[in-house]
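In the structure tokens that follow, the same protein chain appears in two forms, which are kept apart as structure 1 and structure 2.
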Structure 1
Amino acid sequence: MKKDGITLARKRQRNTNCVAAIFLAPVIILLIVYIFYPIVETFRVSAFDWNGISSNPKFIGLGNWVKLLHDDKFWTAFLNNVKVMVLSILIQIPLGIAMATFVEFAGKKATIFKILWFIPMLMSSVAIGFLFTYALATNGGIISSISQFFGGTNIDLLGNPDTALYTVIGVIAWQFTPFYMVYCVAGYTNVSKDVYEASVIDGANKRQYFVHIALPLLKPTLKSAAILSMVGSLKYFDLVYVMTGGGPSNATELMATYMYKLSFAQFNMGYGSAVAGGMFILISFISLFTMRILNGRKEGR
């Protein structure tokens, strides 16, 4: 009897494994072809001194990696990425929750806000880059005009190494906050209407409902939002490349822009690959580590 139970459990597990394998297969195949293979290739290339195009790369072993460890520019870029990451999480996610909560509480009337708020997400980086360079221009830009209106002077935000990075972070937040709004709106659908109605009957007001009921139920959504924002910020490229190209004085240089310039503009594919590899290791480590902390108890199971 007991033996039968074990075989049955085993059988069931085998069945589970089988179903899991079938369901996972397409994703795993695509990832191996399009992502694992390029990663392996990157690590391979990083062992060479190679301009990216010649047919005889020179093997230098760990040379590029040693250089990477001592490359101030890379670590400055990494630090910039960390700043982008911290501020993005602190700005985008709370704003996203606020917007989603407003939409959730206001109901149908707020649809128009949801649509208007979402527009930044839809615009292409080309247009955003163009309009913000003009809006941020020291002379005649919108920010400077506002400052002058209040009796201040012209402000050079993008050209000043002290403010450039924060300005870019602002623009990135402008573009990506809507995503976290939509994400939280979707998260709210998990907080079922019944719970809300029950809490209203119990006499809870909206603030209490939000703090004690909605927020805890949104927690899984927020955790994954934080991870997404983290990874997204650590490998960010687009707007920075369009708006500042990493300047002035490397103030906005990110790992991705640095890697891109090395690999494709400076004919240093070998070292560029080492930077890309370093990026990959750092980002994976940080995100997996954070995930483990956030899901601590569950992973331990």
Structure 2
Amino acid sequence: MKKDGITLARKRQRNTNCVAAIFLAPVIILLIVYIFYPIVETFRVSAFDWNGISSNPKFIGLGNWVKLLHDDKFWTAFLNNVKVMVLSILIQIPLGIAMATFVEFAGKKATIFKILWFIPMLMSSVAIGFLFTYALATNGGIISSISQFFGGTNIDLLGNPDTALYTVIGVIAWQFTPFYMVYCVAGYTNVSKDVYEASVIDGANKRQYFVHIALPLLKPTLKSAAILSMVGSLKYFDLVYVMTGGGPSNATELMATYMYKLSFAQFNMGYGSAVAGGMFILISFISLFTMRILNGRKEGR
């Protein structure tokens, strides 16, 4: 009887595994085709001197990687990515939590603000890039027009190497801060209303409730938001490419824009793949390091 029970349990487990495999197979196939294979192929192509078109790529081994290590333009692009990452986190997440706190405390009265503030997220990054390119133009742009109204001169924010990157970061923050607002609003739903009511009974005002109760409870949400902002900033491409193309004088060049130019403008697919591989390694390392710092070591390890 016991033997029959074990056999039946094994059959059920085997059937469960088969069903699980059937349902997981499409996902696994998609991951292999669209994620794992492109990563492996990128590293393979980086070992060749190839224009992406010819049928006889020249194998050069680690030549592209040695060149990458000494490529000042790539490391400048990496530092620009780091600036975008740090400033995006410092701007977007505090503004997002402030906006979320406002709509949380205001209740239904803040519905109109939710709609208005979320509009930038509904727009294409390319459309936003063109919009701000014209809005910040030296001649006829909003900033230049205001400056001229007060008797000043034209102001070229995107054409000045000292201000171009920070201007682009401001536009990025304008577009993506609403995402972190919604993310933090979702975080507030995990904070029980009973906690707020108890704090009010104990005499706490809204500022004290936010600082001493809500903010500590939102820490997991803010950690996740910081990681999302960091990863997104390190691989950013479209808005920057539309607004400045990486200029002026490489002031806004990012790793993704540099990789795109090498691969699809200069047709240096081998070295472009090495740059893409370098991006993958750096982003993975920074992401894992940041997650380790934010989450800390697990107990008992």
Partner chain sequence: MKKRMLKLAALTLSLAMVASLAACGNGGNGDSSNDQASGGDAKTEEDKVITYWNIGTEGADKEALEYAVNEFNKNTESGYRVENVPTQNDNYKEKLVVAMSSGECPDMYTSWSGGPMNEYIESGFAQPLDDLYEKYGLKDEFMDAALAQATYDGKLYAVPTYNVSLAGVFYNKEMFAKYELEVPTTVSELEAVCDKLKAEGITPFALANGPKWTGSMYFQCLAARKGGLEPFQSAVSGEGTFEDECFIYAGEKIQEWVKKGYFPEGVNSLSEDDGQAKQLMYQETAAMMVIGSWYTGTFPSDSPEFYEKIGWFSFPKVDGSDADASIQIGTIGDQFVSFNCTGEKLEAAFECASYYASEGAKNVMVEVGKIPPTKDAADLITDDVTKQILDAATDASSVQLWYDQYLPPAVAQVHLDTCQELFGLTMTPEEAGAKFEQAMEEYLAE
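Bear in mind the structure is a predicted one, so any value in this text is a computation, not a measurement. For the two forms, the rigid core is made up of the largest set of C-alpha atoms that agree within 1.5 Å on superposition. Structure 1's sequence is the ruler for residue numbers, which start at 1.
Form assignment for the chain places structure 1 as the one matching the criterion, namely the form predicted together with its partner chain. Remark: with the core as the superposition reference, the CA shift of Leu30 between the two structures reaches 2 Å or more. Comparing the forms between the two structures, the C-alpha position of Leu122 differs by less than 2 angstroms, with the core used for superposition.
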